[in-house]
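Starting off, we have a lone chain in the form predicted on its own, written out as structure tokens.
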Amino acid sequence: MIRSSKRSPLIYLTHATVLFLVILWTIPTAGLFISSLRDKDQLAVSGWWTALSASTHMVVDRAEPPSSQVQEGDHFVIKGNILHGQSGKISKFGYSSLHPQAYKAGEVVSIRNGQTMQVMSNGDYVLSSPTKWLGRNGKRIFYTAEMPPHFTLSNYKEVLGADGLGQSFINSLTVTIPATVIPILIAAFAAYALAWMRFPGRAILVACVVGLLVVPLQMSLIPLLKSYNWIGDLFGVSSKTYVGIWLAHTGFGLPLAIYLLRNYIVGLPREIIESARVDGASDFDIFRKIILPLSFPALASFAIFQFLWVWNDLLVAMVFLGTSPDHIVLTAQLRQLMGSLGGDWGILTASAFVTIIIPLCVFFGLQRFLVRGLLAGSVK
């Protein structure tokens, strides 16, 4: 029998779609990472795709103050380097904001009253005057320079060195790990019960779970917070605690968790479960020894979704924890940092990349266990 070597067009379409999604995710992430490593001045004037090429800057700076002048013959001279030791090449310069690019590098320009200015392409400048330079501030120099690519870790040092960032990082882990584990434990038991245990009202419970998927989080925040505050007052517990946000994330994540796990568990082979019951296994033994090992791919998938959602959450954390130094999470801490430095793109990109490092590690780490769970399930 001769099989056709032609592949289905659907296979090529699938490969092209996957490739498109990979590129769609990789390019912005790469741009974010490259921008976080660039010099702030270069980041402000050019995009990340020009990071490996020279960039043109129009800059205004001041020469050394008159206190640094020295007398050479019958003239008073101020010397220095306008690039401050950085590598670059100046093409044009000027001494007035009306004509910032009036002269080419190397020209000797007459300012007034016999004063002259000369700026070389390497940044060296000479200011000469027949009389003493007066005042406290140096002369303004406008120049246009081509700067080579410059990468630095200063953005990360500024972000990681911010006050309270380390504590907020620990706070985020304290919130995220239990808020990921608790819904999985509850949803796994509930999904097994809704899939394989027969009891009155099971269909109604499944319909309620599906209905809860469409309830907006913002609609339930205020009633949930009031209920938690009432319970806290009843038992003398403060509302701004980790227990509150764990319960909140558990409540918001349970409908999706139960829905996903129930659909996966109900598709497991019925013969395995019936054989276990014939052998005298209880529901708990079936759940622990059969359902959990076979359902590991679904558990790992939901763990990824729940971890990413809780880690990146800001709204629920602000409502249930606030912004006290002992409880503030990483997203809220970075929001405060970006609020004071909102125009600093270097800080913004570095902060954004800091927030996605842990989710990336979790995703790629659980992906390995996800593949292992799929193989184990197929063997069983």
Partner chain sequence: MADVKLTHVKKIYSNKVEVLHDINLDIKQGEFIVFVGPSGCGKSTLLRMISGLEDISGGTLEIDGKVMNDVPPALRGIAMVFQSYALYPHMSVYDNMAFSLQIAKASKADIDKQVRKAAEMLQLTPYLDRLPKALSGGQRQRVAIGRAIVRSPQVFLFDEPLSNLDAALRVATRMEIANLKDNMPDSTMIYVTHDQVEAMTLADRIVLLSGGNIEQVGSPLELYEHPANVFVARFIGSPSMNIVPCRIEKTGESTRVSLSSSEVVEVPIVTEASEQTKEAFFGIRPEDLRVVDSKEQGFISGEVAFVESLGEATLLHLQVKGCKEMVIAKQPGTLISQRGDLIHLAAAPDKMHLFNDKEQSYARLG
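Numbering follows the first chain given and starts at 1. Since we're looking at a predicted model, the values are computed, not measured.
Another form exists, predicted together with its partner chain; not displayed. Remarks below refer to it.
The single contact residue among R136, R198, K132, R112, judged by any heavy atom lying within 4.5 Å of its partner chain in the model of the complex, is R198. Contact with its partner chain in the model of the complex, judged by any heavy atom within 4.5 Å, is made by just one of H75, K157, K79, R277: R277. Of the candidate stretches 268-276, 103-111, 116-124, 90-98, only 268-276 has residues whose heavy atoms lie within 4.5 Å of its partner chain in the model of the complex. When its partner chain is considered in the model of the complex, A300 lies well away from it, no heavy atom lying within 4.5 Å.
In the model of the complex, at least one heavy atom of D285 sits within 4.5 Å of its partner chain.
In the model of the complex, at least one heavy atom of I290 sits within 4.5 Å of its partner chain. Although the partner is absent here, L294 lies within 4.5 Å of its partner chain in the model of the complex, judged by heavy atoms.
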